[in-house]
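Below you'll find only one chain, the form predicted on its own, shown as C-alpha cells.
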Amino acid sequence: MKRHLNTLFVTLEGAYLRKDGAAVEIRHEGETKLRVPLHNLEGIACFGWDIGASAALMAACSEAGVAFSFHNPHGKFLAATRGFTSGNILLRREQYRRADDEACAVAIAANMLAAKLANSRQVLMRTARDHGGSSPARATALGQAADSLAVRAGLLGRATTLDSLRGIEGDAAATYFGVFPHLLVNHDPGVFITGRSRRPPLDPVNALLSFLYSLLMHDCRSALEGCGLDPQCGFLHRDRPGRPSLALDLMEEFRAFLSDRVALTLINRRQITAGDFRREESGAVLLKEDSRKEVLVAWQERKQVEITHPFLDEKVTIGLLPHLQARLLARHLRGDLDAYPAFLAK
C-alpha cells in the first residue's frame, strides 16, 4: 500500500477497508496493516479481485469528497463510489471549458505530445546505444530518426492550433514506425512489421502492439475515472460517441515507454515468436489465446517495476503512473499547477 498525491492505493488481495473513527483502517487476515486519517486523503484506489470495504467507509468518503474506486488487478476500472459533492462537477466543468478553449487545449496537448516524442526518442537512442555497434546501418537510421523527433518536439511549442499539433504528431509517428524494424534485434524472422497498421493489424508486431495499447488504454481510462475526470472529453483527440478521447490523450505519454518496450522485450527475447500469431482470411493478424496470457504476465511484471517519478521525485511503480498523471492533470485543471507536467522517462 502506497500513498501518492494524497491518494491511497491498495493492492493487497484480501484486504478489507473500514471506517475507524475519522480514519481509514486497512485490515488483512485479522491484523491492522495501516490507518490513515480520512481528512488527509483525496482518493482511495483499490486494485484486486478480493478487496472489500464497509458501507460506513464508503459513505464517509462520499461525504468528505474522497473518490473511492475499485479496479481489477490489471488496472481496469470496475466501480466507484462518489457522493454529491461539488468537487467532481466543478472539475468536470473546468475540463469541458478547457477542452472547448483551443488555446487551453493546445497547451495541455502540446505537453502530452512533447512527452510522447521524448519517450519515443529515448527508445530509439537506447537501441542505437546497445545494438548500434553490431550494425552501423541500424545506428545511423535510429540516430537520424531520433534527431527528427527532437526537431518535431521543438515545433510543438510554437503550434497554436490542435490541427498543427496533430500534423506534427502524425509526422513524428511516421518517422518512429519507419525505423521500428531496426528495434527488432534478435527476433524470429516471422515476427515483422511493415509500418503501423491497426483495425485490423496486418502483421505480428502490429498485432502485439495493438493488444498492448488496448491494455494501456484501459489503465488510462481507469485512472481518469478514479480521480473524477471524464474519459470521453479529450484535448487532443476529437469528441466521438463512445470514444474515450481523454484516455487516448493520456496514453500518448506511455505508448513507447510502457507498451512498445514490453513488445520489444518479448520479441527480442523470443518469448513471442511467429507461432504465437494466427492470420484470418481477412488478412488480420491476431495473438493466440495462450500467447495473450504470456503477454499479460509480462505486462503485469513491467508494471511492478519501480522508478523515480520525474516530477514528484518519489519511488513509484510503473503501473501507478497513469493514476498519478491523471491526478496531476486534475490538479492543473483545478488551478493548483500552472501547467500539466507530462511524464518524461529518464
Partner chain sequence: MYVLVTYDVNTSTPAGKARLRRTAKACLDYGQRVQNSVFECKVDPAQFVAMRGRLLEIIDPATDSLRFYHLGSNWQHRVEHHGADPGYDVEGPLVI
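The term rigid core refers to the maximal set of C-alpha atoms that superpose within 1.5 Å between the two forms. Positions refer to the first chain, counted from 1. Note that this is a predicted model, so its numbers are computed, not measured.
Just so you know, the form predicted in complex with the partner chain exists too; it's not on screen, but the next bit is about it.
Judged against the partner chain in the model of the complex with a 4.5 angstroms heavy atom cut-off, the residues Leu8, Asp20 and His39 are in contact without exception. Val297 is the sole member of Leu312, Ile307, Val297, Ala59 with a non-hydrogen atom within 4.5 Å of the partner chain in the model of the complex.
Put simply, of Leu320, Leu34, Ala53, Leu287 only one has a heavy atom within 4.5 Å of the partner chain in the model of the complex, and it is Leu34. Heavy atoms of Lys293 reach within 4.5 Å of the partner chain in the model of the complex, making it an interface residue.
Residue contact with the partner chain in the model of the complex: Val66 places no heavy atom within 4.5 Å of it.
Taking the partner from the other structure, the partner chain in the model of the complex has no heavy atom within 4.5 Å of any heavy atom of Leu328. Of the heavy atoms in Leu324, none are within 4.5 Å of the partner chain in the model of the complex.
Relative to the superposed rigid core, the position of the CA of Glu31 differs between the shown form and the other one by 2 Å or more. Ala64 shows a C-alpha shift of 2 Å or greater between the shown form and the other one [criterion: core-superposed Cα displacement of 2 Å]. Core-superposed comparison between the shown form and the other one: the C-alpha position of Arg331 differs by less than 2 Å. In summary, the C-alpha positions of Ala64 and Gly226 converge in the model of the complex, ending up at least 3 angstroms nearer each other than in this conformation. One change in the model of the complex concerns Gly43 and His332, whose Cα atoms lie at least 3 Å farther apart than in this form.
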